[in-house]
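Here we start with a single chain on its own, the form predicted alone, put down as structure tokens.
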Amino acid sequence: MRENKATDPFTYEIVSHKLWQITEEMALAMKNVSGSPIVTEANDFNVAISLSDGQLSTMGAHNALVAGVIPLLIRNILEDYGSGDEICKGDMFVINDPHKGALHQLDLAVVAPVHYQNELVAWTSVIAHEVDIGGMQHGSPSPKATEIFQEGLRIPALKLVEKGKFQWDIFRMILSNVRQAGLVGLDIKARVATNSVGQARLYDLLSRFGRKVTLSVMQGVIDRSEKKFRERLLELPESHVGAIDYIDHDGHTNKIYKIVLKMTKESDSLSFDYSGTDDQAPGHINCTISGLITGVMGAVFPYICYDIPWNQGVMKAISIHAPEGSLVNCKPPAPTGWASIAGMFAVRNAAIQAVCKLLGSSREHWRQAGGVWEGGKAAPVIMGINQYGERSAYLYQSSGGAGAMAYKDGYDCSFSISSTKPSIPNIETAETFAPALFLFNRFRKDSGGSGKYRGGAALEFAFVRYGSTDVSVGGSGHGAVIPASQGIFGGYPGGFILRSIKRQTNIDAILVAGKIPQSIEEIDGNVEVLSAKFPPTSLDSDAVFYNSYSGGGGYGDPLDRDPQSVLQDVINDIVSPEAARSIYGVVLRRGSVDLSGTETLRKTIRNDRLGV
């Protein structure tokens, strides 16, 4: 870390904490103005403050995966416009091109330069997932897509605000290409409001402490993270670590794609090489360089930098490589519609495996190792004509389970490890926005990866159409054929994602009788199993849609788990009695543990493993 000559320690702490406060106020502005539950309840957005060259200094406490692309977005704006007179005081740029830094087109960003004394000194940014950006399917990404042009409006860096004047022509152009113009329009205005707050507060900070001090602290925050991260790496063993993840189905065929990582830790640096990864796919599972970078950071930030501010300083100690034209660094016009939960997720899953193997080999940091956290994603989109007679698409963002750690179980229903404020929408919110009546929303039994410490359980839910006769469900995800939440050090993987539609059911009779089903098995009907990616499928009046997410990976041998913990999981309906016996080797009799029978059964299972 360079010595910070511009500030004393007290001033440094005051200004650095003020930067965090500004991002928090920006996030509140975004949540208060936005009308989308993606922002207001799921927290699938983030804000950031960057230096003039795009270096990320301070990010908000929401989804780090979207904030991680902001340096790329700013660098591309600088390349497209130059750093001279074309970037003016009062400008704001709108951008969502995956080849300019976004994860996919649904991640719409508004980025604003901050000028002080007629000089570009910093940037504020906000990026959030949108409900729709056009394209061939409600909600935009479609399994049928074969090129990026079919996935919705693709925006390079355009001036949405120029010298303080809102560009209504750009705004109207965007809204004319989306299905839910009211909601998208409000979200765009929320981004402008968010940056206005950030610009004003940052200008106040510059005016109070001066340009030299403020920028010195912004750089100092980056330098401090780099210093602490490199010190952390020096405490970890020199190593070469391999990891593999898979994506099932590309939207066209049920092909298995392999993501191969070789991670090298050498001195105070880390390198991630994905050269063994399969070539880019014909479907929408690819990611660009932005997904590659942010997927790696989605593992490094929470597992290694749990007590280090997440910013550009950490990124400086990391090198990342994947050949151009591969699934995780695709070339246009490859589709990237679900890069966020496919290519990027697979990059992150492999990186988590490698990072946790490294941590688990450390005397000082072994407790930070764990199983993969919600490795498979299942993202159903409820689309068609909603209960208000409007064309709509609603992405229901439910949750999987956390990976188990070296000393404790993973959290049940954890959402994403990359978000420090995880949240999922309430069922009442989903029913307000979507033409659906939910029947249950509960932990799925046996979904958490078994181990000495159990992976977190995932959620499962079911709903019927409600208030509309034109309702379809489409979805993309992975982890339906190969479990995506890998365990570690003997831990089992988390459960598969599962999606199905039961048709010609007796749901009406059940509801008329005043009963609410607590599981899909209680509903009679003909089961239509859905693949990992499936196009919009209509729901009849008696059809029930079922969806479950991926549990977290386990840690350690399940036969080493405390039998009383297994009993409690059975009581809580998280683990089935069958799994308690066959996987954990625990014998239960009349609501208690048979210790003698458990010891005998576990010995038998161990001997069977050894073939003796």
Partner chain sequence: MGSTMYTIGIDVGGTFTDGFLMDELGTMVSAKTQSTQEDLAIGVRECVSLLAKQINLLPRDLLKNTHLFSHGTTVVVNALLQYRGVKTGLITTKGFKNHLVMMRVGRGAGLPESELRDMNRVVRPTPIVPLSLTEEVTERVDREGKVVVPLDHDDARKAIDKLVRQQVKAIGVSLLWSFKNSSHEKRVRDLIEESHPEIFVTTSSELVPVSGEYERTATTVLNCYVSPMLTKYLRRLENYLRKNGLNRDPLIMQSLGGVLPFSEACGRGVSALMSGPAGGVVGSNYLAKLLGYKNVITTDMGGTSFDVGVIIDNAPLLAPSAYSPRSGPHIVRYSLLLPMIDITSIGSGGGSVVSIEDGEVKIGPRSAGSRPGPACYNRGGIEATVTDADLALGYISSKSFLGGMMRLSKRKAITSLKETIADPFGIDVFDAAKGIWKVTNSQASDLIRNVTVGRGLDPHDFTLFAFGGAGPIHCTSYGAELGMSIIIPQLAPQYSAFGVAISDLKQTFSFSDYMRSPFEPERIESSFTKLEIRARKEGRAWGLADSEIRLFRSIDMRYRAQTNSLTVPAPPGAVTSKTIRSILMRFQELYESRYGKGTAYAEAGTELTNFRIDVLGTRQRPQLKKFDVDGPDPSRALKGKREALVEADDNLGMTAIYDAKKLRAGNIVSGPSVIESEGTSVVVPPSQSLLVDQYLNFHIDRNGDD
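Between two forms, the rigid core is the largest collection of C-alphas that superpose within 1.5 Å. Numbering follows the first chain given and starts at 1. On a predicted model such as this, the values are computed, not experimentally measured, just so you know.
A second form of this protein, the form predicted together with its partner chain, is not displayed here; the remarks below concern that form.
Although the partner is absent here, residue 387 is a contact residue: one of its heavy atoms lies within 4.5 angstroms of its partner chain in the model of the complex.
Not displayed here, its partner chain is kept clear of residue 130 by more than 4.5 Å at the level of heavy atoms in the model of the complex. Taking the partner from elsewhere, residue 267 is found to have every heavy atom lying beyond 4.5 Å of its partner chain in the model of the complex. Using a 4.5 Å cutoff between non-hydrogen atoms, residue 170 does not count as a contact of its partner chain in the model of the complex. Each of 60, 399 and 433 places at least one heavy atom within 4.5 Å of its partner chain in the model of the complex. Residues within 4.5 angstroms of its partner chain in the model of the complex, judged by any non-hydrogen atom, belong to 32-40 and to none of the other stretches in 583-591, 541-549, 554-562, 32-40.
When you look in the model of the complex, the only residue of 516, 256, 529, 234 with a non-hydrogen atom within 4.5 Å of its partner chain is 516. Of the candidates 502, 377, 138, 224, 224 is the one whose heavy atoms come within 4.5 Å of its partner chain in the model of the complex; the others do not. No residues of 474-488 lie near its partner chain in the model of the complex, the criterion being any heavy atom within 4.5 Å. In this overlay on the rigid core, residue 303 has a C-alpha that sits less than 2 Å away from its partner position between this form and the one not shown.
For residue 428, the Cα coordinates differ by 2 angstroms or more between this form and the one not shown after the core has been superposed.
Relative to the superposed core, residue 414 shifts its CA atom by less than 2 Å between this form and the one not shown.
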